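Below sits a lone chain in structure tokens, taken as the form predicted alone.
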Amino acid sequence: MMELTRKGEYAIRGIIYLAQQPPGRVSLISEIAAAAEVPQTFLAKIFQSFAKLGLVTSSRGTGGGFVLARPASAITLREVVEAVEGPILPNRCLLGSACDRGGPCRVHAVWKQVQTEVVHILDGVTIDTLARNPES
């Protein structure tokens, strides 16, 4: 069963909170964690990954914190999920290596189609949409 991990869920909650802030407003990790109901130390590690991938920018010191690196309308749900979960893979054979049995199995094309559809759906949802409409 494909399932989003807790890390993925926390990542989504945290970045949605940032998207709900006025453009350019810097938010402390403690503030984001409290609002998103996420453990602060766990969220800090997630946001470090976001910063390395260019989803958020961070600043240290007085007035430091996090802000979206680009408009929320330009950040997809897929980017956020893959930033913490890695590539969308319903089966490990889609990593590019052959199946354990020595070659593509009969169901390989189905797994590829599942991957394509999930990626398409996640690419079609922006963080802005989620931030503005809680029932998206």
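Don't overthink the numbering: it's just position in the shown sequence, from 1. In this text the structure is predicted, and so the values were computed from the model without any measurement.
Beyond the structure shown, there is the form predicted together with the DNA, which is absent from this document and is the topic of what follows.
Participant: Does the DNA come within 4.5 Å of any heavy atom of T5 in the predicted bound form?
Facilitator: Taking the distances in the predicted bound form, the answer for T5 is yes, it comes within 4.5 Å of the DNA.
Participant: Contact between T76 and the DNA in the predicted bound form at 4.5 Å, heavy atoms?
Facilitator: Outside the cut-off, so no.
Participant: Can you tell me if H108 lies within 4.5 angstroms of the DNA in the predicted bound form, counting non-hydrogen atoms only?
Facilitator: Judged by the heavy-atom cut-off of 4.5 Å, H108 is well away from the DNA in the predicted bound form.
Participant: Please tell me whether any heavy atom belonging to I29 falls inside 4.5 Å of a heavy atom of the DNA, as the geometry stands in the predicted bound form.
Facilitator: Within the cut-off, so yes.
Participant: Between the options P39, P87, G54, P71, which residue brings a heavy atom to within 4.5 Å of the DNA in the predicted bound form?
Facilitator: Of the listed residues, the single hit is P39.
Participant: Could you run down 33-61 and flag each residue that has a heavy atom within 4.5 Å of the DNA in the predicted bound form?
Facilitator: Sequence-ordered list: P39, T41, F42, K45, Q48, A51, K52, S58, S59, R60, G61.
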